[in-house]
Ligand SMILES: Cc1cc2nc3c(=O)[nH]c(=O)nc-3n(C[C@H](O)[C@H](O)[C@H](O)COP(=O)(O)OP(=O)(O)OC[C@H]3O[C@@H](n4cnc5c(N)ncnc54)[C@H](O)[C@@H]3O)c2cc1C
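Okay, so here's just one chain, in structure tokens, the form predicted on its own.
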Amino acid sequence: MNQTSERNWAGNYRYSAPIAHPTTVDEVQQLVAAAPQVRALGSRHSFNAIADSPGTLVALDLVDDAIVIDPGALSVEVSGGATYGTLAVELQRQGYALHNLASLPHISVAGAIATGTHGSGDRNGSLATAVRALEIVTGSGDLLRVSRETTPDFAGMVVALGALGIVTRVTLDIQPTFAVRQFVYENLPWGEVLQHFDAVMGSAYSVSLFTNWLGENVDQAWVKSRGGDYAGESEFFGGTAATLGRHPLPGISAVNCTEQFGVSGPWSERLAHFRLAFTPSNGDELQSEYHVPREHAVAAIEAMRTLSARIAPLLLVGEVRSIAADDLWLSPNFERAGVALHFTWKPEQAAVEALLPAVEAALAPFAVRPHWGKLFQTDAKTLAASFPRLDDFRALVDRLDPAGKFRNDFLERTVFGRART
């Protein structure tokens, strides 16, 4: 097994553990059974220490990449280390689709699920809501298969932060393929957007708002239409249709973005913001994201606008998206429809981390929950109040990993509320 030590995708975090690349599930089992401390490493798109380990990291990029579709069950089984982009291409080739994609198709299936990663759309749950079954290598090296239908605590095992074991295979719900058209609008007045916020976010299958939080206008709205749910008008809540291809980040070519101008195409080439064949997003950046209940969305947005003079100098772009409620214990959208306020920061980590307490304080009145894989400062006590099933999750971790083999400093600090000894 080849072992390397590397940084994450953004380059802001260097993993302290060596990275093993087993080639079979059997090798994964042997490695886990022998290691005193071990964790899975996905596509390295987390911006904090969630994926690190005081022992060994296991990457599944060389393990069983078979994509197995069950047409009768409308499901697909795939390696936890596969990327959504690779999966989407194969599903589309065979006439099937996932319900949604995140902004980047380059992220790993298991990693995205474990952290509650999502796309947008009032009726679309996070990527984790499509999970039907998981195959997990536990601390003993045994292979545990759990499913939505047969496992009582399954809702606690999906968005699990890598705390239960190494997810080697994932079974997802699929559906027949569908076409999507994407429209981009510019300079939407904030007054119009906030007055009609529910109508804006519910106007199509997926809607994203991009902003620098300054001024009186939303910079861009990306509207993804499925099945004619949005026809594509010349104006959108006071914004005008873009006449040139747009990238969310100012001054960057749209060549690596998915097709715009209402040109119909398969879901696999429209639901993500960025094309699989190109460098994702900006690369040299940091990210934070905070989720608030839908009923507090307008007030939370207004709170961020009051901080715009402090946010904007450190910001590349902000994004507002909506996500449907789910029943997954550690999901930011557990038992509530949510709105995600996303911040793509300049690579100035000390300054960003100094600002985050002010951002979190401004959002605190709105039952805010952070994205687990991005930069945040929220402590375990506050997280316990925000996630009603966190105590149940702690008990589940203690039961399935009594030796703490899959724990790390991040989990001890944010989930268990103590420093690792």
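Start at 1 with the first residue shown and count on from there. Please read these numbers as outputs of a predicted model, since none were measured by experiment.
Keep in mind that the form predicted in complex with this ligand is missing from the display, and what follows is about it.
Proximity of R369 to this ligand in the model of the complex falls outside the 4.5 Å heavy atom cutoff. For F376, no non-hydrogen atom is located within 4.5 Å of this ligand in the model of the complex, even though that partner is not displayed. For E289, a non-hydrogen atom is located within 4.5 Å of this ligand in the model of the complex, even though that partner is not displayed. In the model of the complex, no heavy atom of R394 sits within 4.5 Å of this ligand. Using a 4.5 angstroms heavy atom cutoff to this ligand in the model of the complex, none of F197, S308 and V320 count as contacting. Checking G162, G338, G156, P248 against this ligand in the model of the complex, a heavy atom within 4.5 Å turns up for just one residue: G162. Taking L41, V32, V63, V352 one by one, only a single residue has any non-hydrogen atom within 4.5 Å of this ligand in the model of the complex, and it is L41. Note that among 108 to 116, 297 to 305, 143 to 151, 253 to 261, the stretch whose heavy atoms approach this ligand to within 4.5 Å in the model of the complex is 108 to 116.
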